[in-house]
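Read the single chain below, which is given as C-alpha cells and is the form predicted on its own.
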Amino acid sequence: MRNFSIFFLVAAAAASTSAAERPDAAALYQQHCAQCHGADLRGGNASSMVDGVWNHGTGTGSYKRNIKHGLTHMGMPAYEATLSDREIDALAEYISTAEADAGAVRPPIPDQIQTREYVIDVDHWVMEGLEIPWAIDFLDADTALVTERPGRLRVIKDGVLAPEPVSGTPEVLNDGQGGLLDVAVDPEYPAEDWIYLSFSHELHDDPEEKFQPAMTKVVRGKIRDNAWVDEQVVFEADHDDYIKTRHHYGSRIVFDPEHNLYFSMGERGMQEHAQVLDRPNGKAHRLHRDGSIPEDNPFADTPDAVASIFSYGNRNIQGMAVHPETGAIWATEHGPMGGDELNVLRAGKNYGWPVITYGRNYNGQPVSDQVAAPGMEQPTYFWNPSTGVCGLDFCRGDEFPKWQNYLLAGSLRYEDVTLLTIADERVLHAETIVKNFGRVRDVVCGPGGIIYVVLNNPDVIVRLRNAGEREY
C-alpha cells in the first residue's frame, strides 16, 4: 500500500512539473501572432486561422513549419531563433484546437472564379467515384482516361465516369507515394492507339523481406472492350537498381514534336544517385515510343551510363510539359523544404540536386551550402517555401486566347494552380487562378483549351471554362 501511494505521489509531482513547464500557448499567440491574425484568431492584417481556409498548407505539420521557418515572401518572419521547438509545437496545437472548436470546414468548390483577365465557370465535372486520381489525358474531345493511384485506369465519357475500371492493367505497388501514376495517349492516336502508363513496380525476389525493392516502370498497351491488352514494356530499370524506399517515383510522360517519349523518375530518396549516370533515378529519360534508345541521346555512348538518361540532378519531377511552339521540355520538381523548381530540360544537363538547392532538409538543416556551382543549371523559377508542385501544362486552344503558351502549374501543399506568364524561357508574372479547391495532382489544358484540374481531398475533377473577359 505504501509503495502504491509513493507511485501516485511521484506521478502527481511529475504531472505538476510537466504542467508547470508546458508553454503557455495562448500567451505565446497573443505575443507573437495576434497583431497580424487577430486576438481571437479571426484575422486582421493577415488571414483568419479559424475559417477553414489555409493558403500555405493544412494540419499541425504545416503550421509548425510555417511558424518555425516563416513565409518571408508574405511578410511572416521565421521564429526558429525566437521560439523553442516546444513553444512552436504548442502554438501549432493551440491553432489546431481553436480551428476545431470554431467548427471550421473547407469552403465548397465555387461555381465561378475571377482572374485578372477572365471570369471563369467552374464545372463540377466528376465529383464522385474516384479514389486518389493522379493524372488525366484525352482520347478525343469527349473521352478522357484517368489513373487512380491504388492501381485503376478509369474512362470518362461525356463527363460520366464509367462504373468499371479498365481490366487487366499492370499490378502496381500501392504504398507510400507509389501506385499507378501517369497516363499518356500516343501522339499519333488513333492511327497508333497505344496508351502509356507509368507506375511503381515491385519485385518479389525475397518473400521473407517486409519491403521488396521497387522502381518506376513505363509500359504501353491498348484498350479493347474496356480491357488492357497487347502490353509492351517501354522502360524497366535493371533489377539491381531497384530500391526499398516508398517515395519519389516521379513520374510524368510527355512527347516532343518528333514524338520521342520523355518520362521522369524521382531519386527515390537516394539523393546521391541523382548525380551519377549509372543509376536511373533522379533523372529525366528519353526513349523512342517502343522503348528503344535514340542514337542522339546525350549518354547513349557513355560507358556504364543508363542510355535513356536525358537530364540528371533532378530530385522528383512531377510536372512535365512541352512548349507548343518551341518543343522545349519544361518540368517542375519537388524540392525538400523550399526549393521547388521550374526547369527547361536540356540534353545532358545537370540540374544540381543535391549539390545545389534553394531548399533545406525537413529538419531545418541545410542540404547543401551552395545554390550555384559550375556545370550545374539554375532553375528558370523556384518556389520558397515549397508549394508541392504537381502537374504542369501549357495553355493552348481557343478557350483562353490571352493565355496562349502560358504555363499552368499545380501544387499539392498550397492547393493552387498558378498561371505563369512566359517569355524567352523566363517567368515574367505569376497569378494564382485556383485556390483551396483541394490538393492539385494534375492540371491539363484539354481539347479546345478547356482546363481540367485533378484534385485529391476531395478526389474530384473540375473543369474551367471561359465565361467572358473581366470588365474594369
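Throughout, rigid core stands for the largest set of C-alpha atoms superposing within 1.5 Å between the two forms. Residue indices: 1-based, along the sequence shown. Bear in mind that the values here come from a model prediction, so they are computed numbers and not experimental data.
What comes next is about the form predicted together with a small molecule, which is not displayed.
**Message:** Using a 4.5 Å heavy atom cut-off, which residue among Met270, Ala373, Val322, Met76 comes into contact with the small molecule in the predicted complex?
**Reply:** For this set of options, the contacting one is Met76.
**Message:** I need to confirm a contact call. Of Ile253, Met215, Cys395, Leu91, which residue comes within 4.5 Å of the small molecule in the predicted complex, counting heavy atoms only?
**Reply:** Of Ile253, Met215, Cys395, Leu91, the residue with a heavy atom within 4.5 Å of the small molecule in the predicted complex is Leu91.
**Asked** Using 4.5 Å between non-hydrogen atoms, is Trp403 touching the small molecule in the predicted complex?
**Response** No, Trp403 sits far enough from the small molecule in the predicted complex that none of its heavy atoms falls within 4.5 Å.
**Request:** Spell out, yes or no, whether the shortest heavy atom distance between Arg42 and the small molecule in the predicted complex is within 4.5 Å.
**Result:** Judged by the heavy-atom cut-off of 4.5 Å, Arg42 is well away from the small molecule in the predicted complex.
**Prompt:** Can Phe437 be called a contact residue for the small molecule in the predicted complex at 4.5 Å between heavy atoms?
**Reply:** Judged by the heavy-atom cut-off of 4.5 Å, Phe437 is well away from the small molecule in the predicted complex.
**Message:** So in the predicted complex, is the small molecule close enough to Asn55 to count as touching (4.5 Å, heavy atoms)?
**Reply:** Yes.
**Asked** Looking at 156 to 164, 171 to 179, 79 to 87, 345 to 353, which one sits within 4.5 Å of the small molecule in the predicted complex if you count heavy atoms only?
**Response** Heavy-atom contact with the partner occurs in 79 to 87.
**Prompt:** Within 4.5 Å of the small molecule in the predicted complex, do His32, Cys36 and Asn66 each have at least one heavy atom?
**Reply:** Checking in the predicted complex: His32, Cys36 and Asn66 are all within 4.5 Å of the small molecule.
**Is_shifted Gly446 between this form and the one not shown (CA, 2 Å cut-off, rigid core)** = No; that C-alpha moves by less than 2 Å between this form and the one not shown.
**Rigid core superposition, Ala423 Cα moves 2 angstroms or more between this form and the one not shown** = No; that C-alpha moves by less than 2 Å between this form and the one not shown.
**Request:** Superpose on the rigid core, then tell me if the C-alpha of His37 is displaced by 2 angstroms or more between this form and the one not shown.
**Result:** True for His37: a C-alpha shift of 2 Å or more.
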